[in-house]
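Let us start with two forms of the same protein chain, each given on its own as structure tokens and named structure 1 and structure 2.
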Structure 1
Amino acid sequence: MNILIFGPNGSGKGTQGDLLKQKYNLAHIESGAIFRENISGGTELGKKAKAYIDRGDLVPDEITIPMILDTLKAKGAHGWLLDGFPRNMVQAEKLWEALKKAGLKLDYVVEIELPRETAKQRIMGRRLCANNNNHPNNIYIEAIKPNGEVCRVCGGALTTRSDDQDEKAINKRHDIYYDDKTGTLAAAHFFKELADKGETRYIALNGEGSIDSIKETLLSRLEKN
């Protein structure tokens, strides 16, 4: 099973991606994580990518595309969930070309839809529990609102991640994501058109619901096929 997942920062893409990964036992190929590993490992690739990442810019396609295609070859033989790639039209076209050339099927493309303002609010509302980062707390999401000033799960102290409060950085990332001419939404729509021609299957999910209701919808859409 080979799956692509799209969703803006703040849409819950990580959570839904985990569900897919576990259900089908997929290799999780996440472009941002591969870059971070290379940076901490001090590799040539990491050195080349670091300045772009620090600025919140995309790493150039000449570096990113071969990196992802090589990783798919090396780690994706038994199915993959590709996350964070493609981020623009060029990457989408190159990926599709490479899959066709290798005779690989793209089983599903999942897009989590969320209005830009909601995504931004969610990121800025995230709170981290000092005892456990996985305790969900968000001052703008009713279902996981903190208990006053403290963690809703364990009562631990809450903090924020500095990049979650950097409005400029959030806007820059969302500018790329919501660009439907050449950016990430354009890449997602490229696959939607392929789905219309029967070349893959496209599942669009409304990201405004609760985590559980989105999970349920995703599972039922997968099972229907």
Structure 2
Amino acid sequence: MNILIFGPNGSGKGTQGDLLKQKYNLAHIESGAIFRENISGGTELGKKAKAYIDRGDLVPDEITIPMILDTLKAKGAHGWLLDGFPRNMVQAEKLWEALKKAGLKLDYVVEIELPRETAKQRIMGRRLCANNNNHPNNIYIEAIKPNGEVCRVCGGALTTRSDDQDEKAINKRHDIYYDDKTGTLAAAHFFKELADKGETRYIALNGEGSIDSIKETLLSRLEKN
């Protein structure tokens, strides 16, 4: 099973992705980790990407997409979950063409929907577990409040990301995500249109529910198909 997942920062995308990874034994492939692995590993694509990054430039799609495809092929033999890419409409179109050319099937596209203001509040309240960043801890959500100063799941130490407390940084990230003309939402809706044509399957989830309710809905939709 190959899945592409969308959701704004604060939607619980990482948590649901981790649950899918465990349930279906998928390779959870995050775009940021792909860059780090290729650069640290000294691959040819990694060297090219590093040259752009060192100059402070964005890595072009012509390097990013082959890097992603190589990772999907190498790690996703038993299925993959791609998280964090594409971030805009152009990347969505290029990724789709690249997947088709490589003969890689996209079984599902999952979108976790969440109002922008709710997403911002969740970001500012979340706490990161030292043992697993996907353990849900949020001081503003009663169901997943930390156990005092430690992780509610495993008791690990908790920290906050500095940019999680920076409203300007949050707004900048959300400006990109919630742009339904050329941004990340536009990319998600590109795949929704493909699903309408029978090219893939699209699952939209209400991100305002509890972690368990979202998980149950997602699994039921996956297993029904």
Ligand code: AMP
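Rigid core here is just the name for the largest C-alpha set that superposes within 1.5 Å across the two forms. When a residue number appears, read it as a position in the sequence of structure 1, where counting begins at 1. Everything quoted here is computed from the prediction, not taken from an experiment.
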- Can you spot the form predicted alone among structures 1 and 2? 2
- Message: Taking 2 Å as the cut-off, check whether the CA of Glu193 shifts that much or more between structures 1 and 2 after a rigid core fit.
- Response: no
- Message: How about His78 - superposed on the rigid core, does its CA move between structures 1 and 2 by 2 Å or more?
- Response: yes
- Shift of Ala98 between structures 1 and 2 at or above 2 Å (CA, core fit): no
- Once the rigid core is superposed, tell me how far the Cα of Glu149 moves between structures 1 and 2, in Å to one decimal. 8.5
